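Only one chain is shown below, in C-alpha cells, and it's the form predicted alone.
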C-alpha cells in the first residue's frame, strides 16, 4: 500500500485528517479543543512533512512523531497563529523575536557544518541545504525550504472553481499543464461530464510538450554539472525550440490557459516536422553523451537511491522509476493505446535518472505523433455541483495529486501535493558517501520544484 498524501480539513465541529493511499483513503475526526492524533511516520516516514505542515497550518499535535519542528513557519512566525484555520482572517501578522531553527547535524572530531542557501546564484528560488561534512565527504544533509510560502490554499478559499484556474495553473511553471489537467479532471467530476476523445488527445499532447521541454533542460544540465557545458548548449537549443512550439500551439511559452474545453487550430505538418527533427537530434545527443567515459565516471554510482529507499520514502516520477519503482499515472488504457511505454532503470543513481529522461523523451515523441489531429470539438460549460473531488496527473517531475472541496458553489478546501514534496524528502539519502562537489549534480538529476513544493 503506497502512501500518497496526508492533509487536514476544518469542519464546523471538528478537524478531519485525510490520509491518501493508492488503494484507499482514510478519514479520522479529532477534537478542535484538543487537536491530537497518532503519527503515521513509523510506517510512512514521508508523512513527516505533511504532519509538520498540518501543525503549522492548523495546530494539530502528532503523537510519537520523530520531528516536531516547524516546516512552513520561519524563525519569526508567531507560534500561536495557524493560518489555515477558518477563524484566521488577518492580512498582516506581527513578527515575533527570532527563534533559531535547530538543524539536524552530525558531531564529532573533524566533522563540520556547511550551509548552502537559502539565496543562490542564478534564478532558482530560495532553498536551504545544511551539510554535515568530514572533509569532502557528505555525512548528512537536511533540506529546508518554504521561504516563499504563497498562501495559495488560503487564497483559493471562497473562490468559484473557474476563478481559481489562473492561480492553480501558475503554482509551478514547469508543471503548468499538469496542474491544469488535475484541475480539469476535478471540473469534469463536479459537472458530471466526460471529456471527448479529441480533447483528451489535445491535452495529452500539451502535457508531453511540457515533459519534453523539461526533460531537455535536465539532460543538458546534468552533464553541465559534471563539467561538460557543451551538452547544456545543445540541449538548451532543443529546449528553447520546444518552448516556442508550446507558445505556437497555446499562445504562451508556459502554456497558461491552454487546457480548455475547446480545440484550436494546430499546424500538423509543421508539428510533425519538428518531431522528426527532434527525434534525430535526441539520437545524436544520446550517441554523443553515451560515448564520453569521463561523464559516466561521474554519473554511475553517484547519488544512489535504492529500490528499498525509494519505496520507503514514497518517491515518485523519474526519481522512483530510476530506482526500479514501476509507477506512472500514464499507465492506463488511454495512454497505452497511444504508445505509452514506462521507462525504468534499477541502479538509482545519476546515470539512471539521466537514462530514464532520455527514454521518456523518445516515448513522448512517439505519443505526440498519435495525439495529433485536427478537430473542432467544444465541450459546453455545465453547472458545478458541491462535493469532494480528487485527481492525479503524471507531471514531468512525477505524480501530482489535487483535492478540492466545493461547498455552496465555492471552494471550501484546496490541497495539492506536488511530486517534489515527496522527492525532496529523499534527497538527503542520495548524498551519503558522495563528496560535496557532487551535490549540484545529484540535485539536478532529480530536477525538483521549489515553487510547487511551497504552496
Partner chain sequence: MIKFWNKRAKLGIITEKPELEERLKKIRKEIKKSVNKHFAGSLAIRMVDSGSCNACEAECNALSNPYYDLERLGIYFVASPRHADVMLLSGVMTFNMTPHVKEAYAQIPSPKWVISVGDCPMMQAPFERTYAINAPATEHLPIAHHIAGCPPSPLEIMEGLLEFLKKI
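Residue numbers count along the first chain shown, from 1. Fair warning: this is a prediction, and the values are worked out from it, not measured in the lab.
A second form of this protein, the form predicted together with its partner chain, is not displayed here; the remarks below concern that form.
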### Query
With its partner chain left out of view, which of 307, 155, 378, 270 would have a heavy atom within 4.5 Å of it in the predicted complex?
155
## Note on the structure
Assert contact residue (its partner chain, in the predicted complex, non-hydrogen atom within 4.5 Å, options 256, 261, 274, 129) equals 256
### Query
Closest heavy atom of residue 112 to its partner chain in the predicted complex, within 4.5 Å or not?
no
### Query
Taking 4.5 angstroms as the cut-off for heavy atoms, does residue 200 touch its partner chain in the predicted complex?
no
### Query
Taking the shortest heavy atom distance, is residue 287 within 4.5 Å of its partner chain in the predicted complex?
yes
### Task
Verify the contact flag for residue 146: yes if a non-hydrogen atom of it lies within 4.5 Å of a non-hydrogen atom of its partner chain in the predicted complex, no if not.
yes
## Note on the structure
Of 331-339, 380-388, 354-362, 119-127, the segment with heavy atoms within 4.5 Å of its partner chain in the predicted complex is residues 119-127
#### Entry: in the predicted complex, residues of 213-246 near its partner chain [heavy atom within 4.5 Å]
221, 228, 230, 233, 234, 236, 237, 240, 241, 243, 244
